[in-house]
Ligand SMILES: Cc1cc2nc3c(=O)[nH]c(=O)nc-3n(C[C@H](O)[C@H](O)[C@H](O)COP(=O)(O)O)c2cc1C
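This document starts with one chain, in the form predicted alone, laid out as structure tokens.
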Amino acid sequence: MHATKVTDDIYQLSVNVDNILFEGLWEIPNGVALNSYIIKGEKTAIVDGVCGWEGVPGQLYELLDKLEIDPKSIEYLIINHMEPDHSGWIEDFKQIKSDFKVVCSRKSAELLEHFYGHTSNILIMGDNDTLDLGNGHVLSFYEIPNVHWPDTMVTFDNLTGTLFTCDAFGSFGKAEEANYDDMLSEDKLAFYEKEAVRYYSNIVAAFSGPVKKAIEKCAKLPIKIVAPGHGIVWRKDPGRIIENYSKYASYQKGPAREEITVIWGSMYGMTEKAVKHAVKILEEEGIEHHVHRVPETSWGTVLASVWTSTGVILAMPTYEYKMFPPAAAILDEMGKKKVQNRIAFRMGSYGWSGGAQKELDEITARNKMNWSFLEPVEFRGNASDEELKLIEERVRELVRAVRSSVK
């Protein structure tokens, strides 16, 4: 946990969490930072008080103590987004101070009573509404609905140009004390950008349309610092993370990067042999590629990989007249995340009968994925030399199509 100065009168309280499934679903092998912010004008506000998970409130109080801030002096609790990892602290805070004011959007206010039994001292904020904390710190509020809940807003400090964005422009990855882009090497920044792709594809991807609208709205502000609820603070080059998010949003409908993701599963090694042959061809072609076996590889990792890939290879055996179940499950999740317009090739082994193609077509149609598929290659048992030659032709065709699409 760290308490650091963002800029004049603004401080970050950051607590790292790992060994959990984020949202009860997503693996976070590199952990995640939960960030709150203190703004000290004549009055003091905390932005996104963070969750009430066991141990976290106590760590926040320790960080406040390091900054010599009495929790009882906090007059405003600004909730940009009601998801409990950003608002759950309210229950613990009530035990220390009862007369604080909650600042939130109208839709957030609808949930306050249902989540925390809180019904009083609520200040509703909409676009361009302001709150004056004194000493020049006038806060403006802007609604960015469905990034990624309907209630989401951002808070902008007009004095320092700091934009508090909650889940927007965030990333996975634990925070170090040097939790700022101007204190990190390019290698470390690249790490957080990779974690941002994972975060975006897992948490925000389905709402890429609203993300684009949010970026357009925020572009009108004189932003000097981007301070998200997860990940690092961008104060040297805040435009970098905003531009990254613009790219991530564009990947939804493609084309994405000049990359191919291979998603494969195998029961007895027959499909696996064909996958090794396909990967060899990708290596010969010199195209960036990612290879994931399911169910061994987590959904979050596969989604992050496919989100940046223009091409996809699906390799799985037929299982009980349908797709290999882990492959079907992750494909359906990609559909729900609106991974659209990919160029894809399917191959796989079968025994007595096929059937995988029928379920694949049903999943992609139901989710309106609009993927463009090359002619599949199915083989009975092990692939013959002739079938391996067909797989090679299809893989090279896929590489050409990806490169043509991205250019």
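Everything numeric in this text was worked out from a predicted model, so none of it was measured. For every residue, the number given is its place in the sequence shown, counted from 1.
The same protein has a further form, the form predicted in complex with the named molecule, not shown here; the description that follows concerns it.
Proximity to the named molecule in the model of the complex, taken as heavy atoms within 4.5 Å, picks out 319 to 327 from the listed stretches 206 to 214, 171 to 179, 319 to 327, 239 to 247. Note on the partner interface in the model of the complex: the residue among 371, 350, 61, 26 having a heavy atom within 4.5 angstroms of the named molecule is 350. Among 269, 117, 126, 134, the residue placing a heavy atom within 4.5 Å of the named molecule in the model of the complex is 269. Contact annotation for residue 376: none of its heavy atoms lies within 4.5 Å of the named molecule in the model of the complex.
Heavy atoms of residue 354 reach within 4.5 Å of the named molecule in the model of the complex, making it an interface residue. Residues in 1 to 27 all lack a heavy atom within 4.5 Å of the named molecule in the model of the complex.
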